[in-house]
Structure formats: C-alpha cells, structure tokens
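Okay, here we've got a single chain as structure tokens, the form predicted on its own, with questions on binding and movement later.
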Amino acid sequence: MKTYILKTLFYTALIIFCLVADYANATRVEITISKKIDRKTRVTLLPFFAKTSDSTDILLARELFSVLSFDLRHAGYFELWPEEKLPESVLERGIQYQAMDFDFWLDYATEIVIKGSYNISGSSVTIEIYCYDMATRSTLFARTVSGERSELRYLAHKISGAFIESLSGGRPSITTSKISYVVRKGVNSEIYVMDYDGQNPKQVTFENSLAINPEWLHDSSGFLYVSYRNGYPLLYLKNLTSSNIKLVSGKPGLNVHPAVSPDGKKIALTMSFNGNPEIYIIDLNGEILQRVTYDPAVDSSPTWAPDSRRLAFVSDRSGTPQIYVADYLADTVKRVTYRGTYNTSPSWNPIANSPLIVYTSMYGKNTELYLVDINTGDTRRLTTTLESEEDPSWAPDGIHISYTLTQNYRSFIYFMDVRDCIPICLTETETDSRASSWGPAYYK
C-alpha cells in the first residue's frame, strides 16, 4: 500500500510539474490536406447594402463585410480581391443591381462574385447573399438568414459557413465553431471560450485553482476539464447552457487529459488509481468501460481516431516520449513516430478515415508542430519559427489547427491552415493563453 501511495504521488507530481512548467514557459474546390493548394479560387466580395433605405446602418454593413472577408480569406480555398482595389463604379452599384454583369467580371479576372444585402426591422436583422459563377454565368449559391441584431456576427458566420461548405463538398465549416483554452490567473488558471476568429472571449470557469485540459463535447453543449479545486486532478463536465458542473471522474491519483470519442459516447483519459498512469475508457457518467494500456511506462494524452475505435497516445515505453496507436477492440498497439526523442500532445484529424495526426516535437531547444501519416510514416514539419509551438488541436474541417505559441515567456493561441502554414494570432497580448481545444461546428 505504501508503495502504491508513493508511486501515485510521484506520477501526480511529475504531471503537475510538466503542466506548470509548460504554463510558465465549376468552381469546385478539391481539398488536399498533404500539400498546399496550387491555386485558390478568385472571389470578389462586394460591400453590403441596405435593402430598404430606411434600414441603412453603415456600421452594421461594415461589420458584415469584415466578418465575411475574414471567413473567406481564412477558409483556405479562396483568394479574396482587396476591397481597396475595387473600382468606384462597382462600389456604387453593389446589390442594388439585380442583373449581374458577367462580362465585366470576367474581364476583371474574378471567378466568383458575392453580393450581400441586409434589412433591419426593430431588433431583428435579415441578411442575404448571392454568389455568382462567372464561368457558367449562373447563380452558384444564395442564402438568407434572420435573427436578432445582437447576434449579427454569428449570423454572418453562419451564412459564410453555408457558402464555404457548398463549395468544399460538404466538409464542415469552421465559421461557427468555438475554441476553448486556458488562461493563467496568477498561480491559477481558468478556462475561456472564444469564437474561432478570436472574437467574444469569455471566462467560463471560476475555480480559483488550476483548471486545465478543456475538451469539447461532440454537440458543443459543454466541455470536460480537469480541476485541482480539491487539491487533486479530478475530471469535471461544464454545461454551457445551464452552467452546471458535474464530477465525472474522481478516482484516486490522476484523472487527466480527457478526449471525447467522435460518436460522443465515450471518454478516454489518463488515470493512475492502480498505481501507474494508464489509458482508460469511461462513459459520460464516469463508469469505467475498458482499460486500454497495460505497460509500466507512463501512458497519457489520448486522442480518438474518427472511427471511435482507435486511440493515439503518448508513452515513454521505448525510453523517450513517442506517439502510439491502440486499437482497443483488437487489443493491438503500434508505434507511429520515430523522428526525434520527444513527441507528445497528439491530435487525430477528425475527417473520416484520416490517417493524419498532428503533434508536438522537440526541435533543438524549442518545440515545433509536426504532421505524421500513420499509414505511410511520412512526417512533415508545420512550424519553422525560433519560438515554441505546442498543444495542437484539429478544427472540425480537418484542415486547420489551433495551437500554443510561446515567446518571451508569454503564450498565445494561434491557428493555421496546415497546407500553407500561415499563423494567425487569436488571443490578446494581455492574456497568457495556452492549451486550446477546437470545438465542433455549431448551428443554432
């Protein structure tokens, strides 16, 4: 018994140390995840106009244009024509012209033209967009959304997301998704949630302790997280609708690194109640369904394959931290990383049958992000800065990732398209943010 207690305390101290140390330090678009798109579709977005003269709101029109511009520019499929280069004659016409001058835009070397209008009625707003294909001289896409004026950004994200999905073969759009992340509060930390574009950050836990490891539920209704509120790492579920908090796993020792299966029925996590950190599968009420690993090494940081059957995880059973894949139904384990001596924090691409895992790897004195194909073993480095990047998390489209970048002892949340690897900072300079989890697409 004494040996068990000492071993549990050792591994608890080890993981706490790692956490604290990390913290302190046809215009169809074919998507190819393995390489950069050679040419993006050229799109011109026109300014939004009021459909009726009595509903004109210049600030609202500018915000609509700004949101759609961001969504289209960072979707990864489009080259957006700069607003400042649009001719004055175009700015004067916009949505007011029902007919589309296809010849003009073909001469202008654009492939898709998007017109937008809005109409305000009391506290409600209605948004319309019309997307025209210059090559076929036809309407490519049209959509109308309505809602409260207070949710203007969400409505704009929703309408641009529908357009993006229509051109990507139904691949989920990220425009309505959210990202959870950890913000340092002195010696403590709390969980925050923001829109995918970094807007509307909001604190959602108030533990006055260490709150870490946020992990979204598959329906975006809430998230799992680990809290040290009672002095030990216990797993909780936070409901974002009711604000209720539920204890999910409170076994002695570790209850860390939760991962919700894509089918939404299971949770994989690291527990050490038997004296050694191992991967277990539990249900949403905390009942143990299966033990996955049986090794004297430290096994941690599970991430699910899209089939909800396989798990990637980190183990030092080879002598250094490496990524392994376990099929818990077949009871098999396979090592998948061999480059480098420190590979951790895997995240499995969510698209069906994807063999891609993004992970953190030590490169010199810093950590960088890598992508491995578990079928071929091919590995690609995604980040090439002199800073440290870590904690990657896939977006629901299987094309973008969020991650932590640390420079000058401050950490920030970034995202990128893994094909062109252009980093976009999402969090403000005043916050010290890390360990993001990208939630699924969410539609009201």
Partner chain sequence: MKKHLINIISLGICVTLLAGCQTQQKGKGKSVGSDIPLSTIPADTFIDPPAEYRYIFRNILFDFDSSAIRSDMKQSLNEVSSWLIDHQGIKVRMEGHCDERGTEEYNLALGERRALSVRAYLVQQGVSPQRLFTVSYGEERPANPGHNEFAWAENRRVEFKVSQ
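Predicted, not measured: the structure shown is a model, and the values here were computed from it. Positions refer to the first chain, counted from 1.
Keep in mind the form predicted together with the partner chain is missing from the figure; the text below concerns it.
Contact check for Asn276: a heavy atom falls within 4.5 Å of the partner chain in the model of the complex. Contact check for Arg339: every heavy atom lies farther than 4.5 Å from the partner chain in the model of the complex. Although the partner is absent here, Pro321 is a contact residue: one of its heavy atoms lies within 4.5 angstroms of the partner chain in the model of the complex.
Taking the partner from the other structure, the partner chain in the model of the complex has a heavy atom within 4.5 Å of a heavy atom of Ser300.
Partner proximity in the model of the complex, defined as non-hydrogen atoms within 4.5 angstroms of the partner chain, places exactly one of 191 to 199, 217 to 225, 329 to 337, 237 to 245 at the interface: 329 to 337. Contact with the partner chain in the model of the complex, defined as a heavy atom within 4.5 Å, holds for exactly one of Pro296, Gly169, Gly122, Pro82, namely Pro296. Out of the listed residues Gly264, Pro355, Gly250, Gly147, Gly250 is the one that sits within 4.5 Å of the partner chain in the model of the complex by at least one heavy atom.
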